[in-house]
Every structure is written in C-alpha cells, then in structure tokens.
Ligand SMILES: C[S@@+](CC[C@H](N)C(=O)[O-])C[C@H]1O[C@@H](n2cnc3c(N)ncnc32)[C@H](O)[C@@H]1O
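A single chain comes next, written as structure tokens; it is the form predicted on its own.
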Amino acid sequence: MVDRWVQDHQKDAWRKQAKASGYRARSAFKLKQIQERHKIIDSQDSVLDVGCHPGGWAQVAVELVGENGKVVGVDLQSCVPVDGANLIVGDITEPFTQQAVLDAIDTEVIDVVVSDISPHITGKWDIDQAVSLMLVADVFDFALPILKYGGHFVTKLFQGVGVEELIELVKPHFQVVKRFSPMASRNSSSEVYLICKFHTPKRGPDWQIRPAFEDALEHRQGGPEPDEDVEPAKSTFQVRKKKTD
C-alpha cells in the first residue's frame, strides 16, 4: 500500500503543477481554488495561517495580500522561510505559542484566518477524525476573539461523526457558513473545507466552541457516564416463581 501511494503521489498532476509553479506543496492550489470561488483574502489584509507547514498556503497568502499586507504562520514543524511571512514554530493550543502569534500579528484584530491543521495521524480513523475536530474547535476559540467584525475563517475538516454538531456551533459567529471541496483535494480524501464569512462576534459567556462541542458529542453518545457513588434505590419488585404440579 505504501509503494502504491508513493507511485500515485509521484504521478499527481497537482503536485507536478505545484513544483512547476514554485509552490512547496499541492495544497497551495487548494487555497488558490478557495480564493477563486469565495474571495476570502484581499490586498493589504492581515492573515493568520494555522498549520502552515510546509509553507504553500503562506506563499499564496503573501501573493494575495501584497507588500502592504501581513502573513503570520504557525506550525509544530519548522518551515523553510517564506519571503513576506512571519512563520512561528509551536503548538497553537499552548498559551506560550498563542502569545507569540499575538505579538507577531501586533494588531488588535486580524482580517482572515486560514487553517490546514491536521493531528498526528495514528492510523485509527475514528480517533484521528475526532482529534482533528477538537483541534479545529481549539483554533476557533483562539482566533474568534482576534478576528475582526466581517472577517473570514477557513478551516479543513475531516468528514465524520461530530461535523454537523461543530458546524451548528460555528454558524452563530458568521453570516455565511458552507462547505467546499477544492479540485486539488485527492479523490480518496474525506477532507472538506469550511468557509466561514463575515464574522459577527457572538456575545455572552457561552461563545466558546470547544466546551459546547464536547457537550454536544457527549449527548450524541448517549449522555454522561453514571456517577459511581450513587446509593442503590430500594424497590418492591419481586420475582415470583411459577408454581408447578
């Protein structure tokens, strides 16, 4: 299976086109196709690229924002520098990395957030898919407070259990929320991109996505686990044996 994947990867037309165009990965064309359809990035925008390794999306974002724009990327893996972008190595769910990102952005709000983040793959689909959705929820909770009113957010999702619940929780934060599958995505992939446009900040104490998402999944699975220290209730029910001759 590994050999077949390598052969298919080498024959991948999008990979070849990316190499010919000077992009680091075929994923650059995913963002270009998202931009062509949904117009999420404008000239002079400030863009946060989450899960930026190996740098293909950062390359496209720099082209779109121009000289007067700003691109900040963050990933667990280090990237070869991208001209015009500030790339940070770290875990976006950790406070230290989050502060480094805020320092690099250096403005109160940001125009656009794009996220191609993926978890460490274990090979167990149900686990990988669940972890990926939790990561997406974490990115939303970090980015929404610094995303400007009217700003846009794009993130990768893996189709499966919990996707509908997550989308329903995101909808109150944006005027437009829809799914989009770029042509550059592999046919065998279950990935889809959630396009969230025109941020309308949700007020109140329950704005966070992650806690509400965990609660929604808990109810989907049949409710919380029973308490272990509950006293058994007394019952008058008795089993009566049938009399026989």
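So that there is no doubt, residue numbering starts at 1 and follows the sequence shown. Because the structure is a prediction, the values reported are computed rather than measured.
What comes next is about the form predicted together with this ligand, which is not displayed.
Between 198-206, 33-41, 61-69, 46-54, the stretch whose residues reach within 4.5 angstroms of this ligand in the predicted bound form through a non-hydrogen atom is 46-54. Under a 4.5 angstroms non-hydrogen atom cutoff, this ligand in the predicted bound form lacks residue 175 among its neighbouring residues. For residue 118, a non-hydrogen atom is located within 4.5 Å of this ligand in the predicted bound form, even though that partner is not displayed.
Although the partner is absent here, residue 75 lies within 4.5 Å of this ligand in the predicted bound form, judged by heavy atoms. Although the partner is absent here, residue 27 is a contact residue: one of its heavy atoms lies within 4.5 angstroms of this ligand in the predicted bound form.
Only one of 92, 143, 170, 157 comes within 4.5 Å of this ligand in the predicted bound form through a heavy atom, and that residue is 92.
A heavy atom within 4.5 Å of this ligand in the predicted bound form is found for one listed residue only; from 163, 110, 100, 135, this is 135.
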